[in-house]
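One chain comes next, on its own, written out as structure tokens in the form predicted on its own.
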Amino acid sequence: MSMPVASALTRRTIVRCIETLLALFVLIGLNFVAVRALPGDPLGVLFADATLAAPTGEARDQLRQMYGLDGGLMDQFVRYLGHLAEGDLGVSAVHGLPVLDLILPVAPWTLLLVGTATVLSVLLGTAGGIEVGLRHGRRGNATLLAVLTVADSIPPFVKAIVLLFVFALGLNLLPASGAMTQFSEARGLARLGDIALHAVLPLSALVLHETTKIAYLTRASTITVLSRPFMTMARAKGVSPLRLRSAYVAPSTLATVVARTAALFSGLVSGVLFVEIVFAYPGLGMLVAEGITSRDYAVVQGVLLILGVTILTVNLIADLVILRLAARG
């Protein structure tokens, strides 16, 4: 890589990092304001139950101060930024526990769904897109594209509801809710199998939605690659179909897949919140739903901030990889 190219790459990398930091600050601000736009407040919802004695006077003021609800909106935001700088996400008004202590136990379940769905979507979407691209112009290709279009147009939570009614409630083939069988004493492989069985339907809803997007882009890249001279040369040399796909077509679609993977991950993170609610899956989605219902600002802010930072980080990494690939030509 020549010095001018390396210098330009460094400048673009620095600019992209600065843009990410600015986006993070905007995210923090929007996250803070959006949660407080909900009607009601945590203490009002918490003590709405007639069986609980609502605090008054000094006791209520102490609670508002404890949960960062005292003072004006700007005062709260400044204190919130100060706590974030110290790595403190706040205290849940409902559970009375640090938000991080509520997030850490459930985050692995969401990470399991999102991580597995990302890998499966990329693999299936890339392989399927290459196959559809190689069959461009053949009989049945239009029908296949129509199926992909319909599948892509249905939101993941709708897919989740359909899968729930068909395979769990209708055919009774798969578990309808949870991440594992309650009160199960299974260990080792039996426990892993139980977790995998409970993850099938949530994963299917996510993968079905995102695979189509990867397939579309990979198909377009494949059709473009097919017209290039090196593909004509490879076919003339009698390169096997498997090697043609793996060594010629797949690497040429790498930049497109990497770029889409970042957007795919973002879509999965937002989609998984709704899918978890449909299947009562004990991840961050259920925690956010509970926080919104109870107006637990700290919990909702904490979860959405972590998800937002994760998305920004993944997008930054993807952009830097694409910049490196583009610099190499």
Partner chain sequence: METRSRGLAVAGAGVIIAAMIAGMVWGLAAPLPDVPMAAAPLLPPGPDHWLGTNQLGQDNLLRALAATPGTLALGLAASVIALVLSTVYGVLSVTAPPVLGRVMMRAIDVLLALPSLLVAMLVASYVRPGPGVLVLLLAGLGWPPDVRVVAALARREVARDSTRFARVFGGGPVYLMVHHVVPRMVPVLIALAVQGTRQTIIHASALAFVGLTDPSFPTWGGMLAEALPRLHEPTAIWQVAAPALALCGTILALGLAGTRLESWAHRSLGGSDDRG
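Rigid core: the largest C-alpha set superposing within 1.5 Å between the two forms. Numbering follows the first chain given and starts at 1. Note that the coordinates shown come from a computational prediction; the quantities given were computed from them, not determined experimentally.
Keep in mind that the form predicted in complex with its partner chain is missing from the display, and what follows is about it.
For the candidate set S184, S153, T143, N172, a heavy atom within 4.5 Å of its partner chain in the predicted complex is found for exactly one residue, namely S153. The partner is not drawn, yet in the predicted complex one stretch among 186 to 194, 163 to 171, 106 to 114, 71 to 79 has residues with heavy atoms inside 4.5 Å of its partner chain: 163 to 171. Remark: H136 counts among the residues lining its partner chain in the predicted complex, judged by a heavy atom distance of 4.5 Å or less.
None of the heavy atoms of H198 is located within 4.5 Å of its partner chain in the predicted complex.
For the chain shown alone, Y297 is a contact residue for its partner chain in the predicted complex, at least one non-hydrogen atom being within 4.5 angstroms. Contact between I317 and its partner chain in the predicted complex is not found at the 4.5 Å heavy atom cutoff. Not one of S7, V119 and T126 places a heavy atom within 4.5 Å of its partner chain in the predicted complex. For the partner-free chain shown, R219, I223 of 214 to 230 come within 4.5 angstroms of its partner chain in the predicted complex, judged by any non-hydrogen atom. Once the rigid core is used as the reference frame, the Cα position of N31 differs between the shown form and the other one by 2 Å or more.
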